[in-house]
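As structure tokens, one chain now follows by itself in the form predicted alone.
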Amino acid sequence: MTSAAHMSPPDGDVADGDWLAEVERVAAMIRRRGFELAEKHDGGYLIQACSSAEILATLYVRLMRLGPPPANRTPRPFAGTPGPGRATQWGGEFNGPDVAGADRFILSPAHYSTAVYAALIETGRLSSDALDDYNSDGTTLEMIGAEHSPGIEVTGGSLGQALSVGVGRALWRSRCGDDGLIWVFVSDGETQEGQTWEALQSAAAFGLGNLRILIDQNGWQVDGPMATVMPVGSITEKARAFGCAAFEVDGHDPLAIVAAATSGPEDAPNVVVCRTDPRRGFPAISGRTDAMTHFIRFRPGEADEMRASSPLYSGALTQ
């Protein structure tokens, strides 16, 4: 690996030597909040919180340079779709001001929004009681987030599209001489979408070294395991073939994520494929092998079994 031109310093007040412990704490709380919301609402995208916890925690604690959170960290109720006389609600404000020099974060798979809300809370960008209204009528904290939801920059619910937005924003910043980075979180299921590869090809063609793409390779998509629905082969090798600097790491290793995300040439987009375990923190999910794992609904007694067997509830906030 070679040193990249862009290296975002840690955001916030976390001292340099303490960031790894903070990442582990935030990751553990992302999983716990994901589990408790799924239990409370009779279902949810839990495995996505389990697989992405260290990726999101590392982004928010260590990698991204976002700038200060909004003065009012309590999200407003949903005001309705934008229109004449109605201001646009933009959840991106919870990722700091959209100004030159500040990084931007784009979540592509909108069903990961629960994990993003939890990351925002644990890093002080969203009020601690914000999830009390989660997925209720009139709230912006929806189970599948949109551009009005906290931390969500663009609506990407159709999947495979938000990366193209990230490419456009990175190209605009590059041509404006703005050194802020564009970070895009992508799920591996989206690599089954052709637009994802068109976006990577464009990013490489434009030499967008200010674009960072982290892919959660948890092996699942909505209809079940990717390997049985439609295998995609090596995402890392394909990204390299499209002209990107691509690295493959353990997605639960914050040190490896940081090292990969800050490496590569200055004139190529950086892709970090993060191999993850969708059952991380809740080994009792291992009995699940069907498509209902993607959006989990607990069978009778299952939530109690998962809590009892989880190291997250054994006293130490790890795993």
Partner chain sequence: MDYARRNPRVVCVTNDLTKSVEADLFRETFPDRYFSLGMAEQNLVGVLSGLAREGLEPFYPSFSVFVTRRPYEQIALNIAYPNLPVRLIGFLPGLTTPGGVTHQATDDLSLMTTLPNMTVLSLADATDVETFTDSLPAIDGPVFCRMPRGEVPRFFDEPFRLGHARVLSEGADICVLSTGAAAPHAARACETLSAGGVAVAHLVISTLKPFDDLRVTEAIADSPATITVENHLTRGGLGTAVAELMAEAGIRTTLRRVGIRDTFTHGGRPPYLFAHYGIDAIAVIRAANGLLGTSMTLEDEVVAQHSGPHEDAAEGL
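None of the values given here were measured: they were computed from a predicted structure. Numbering follows the first chain given and starts at 1.
Keep in mind that the form predicted together with the partner chain is not shown, yet the notes after this line are about it.
Comment: the partner chain is not present in this chain, but in the predicted complex one of Glu147, Glu93, Asp133, Glu248 has a heavy atom within 4.5 Å of it, namely Glu147. With the partner left out here, the partner chain still marks one of 213-221, 111-119, 227-235, 169-177 in the predicted complex; by a 4.5 Å heavy atom cut-off that stretch is 169-177.
The partner chain in the predicted complex comes within 4.5 Å of a heavy atom belonging to Gln195. Although the partner is absent here, Ser127 is not a contact residue: none of its heavy atoms lies within 4.5 angstroms of the partner chain in the predicted complex. Though the partner is left out of this view, Pro82 does reach within 4.5 Å of the partner chain in the predicted complex, counting heavy atoms only.
Among heavy atoms of Thr139, none comes within 4.5 Å of the partner chain in the predicted complex.
Within 4.5 angstroms of the partner chain in the predicted complex, the stretch 139-166 places a non-hydrogen atom from each of Ala146, Glu147, His148, Glu153, Val154, Thr155, Ser158, Gln161, Ser164, Val165, taken in sequence order.
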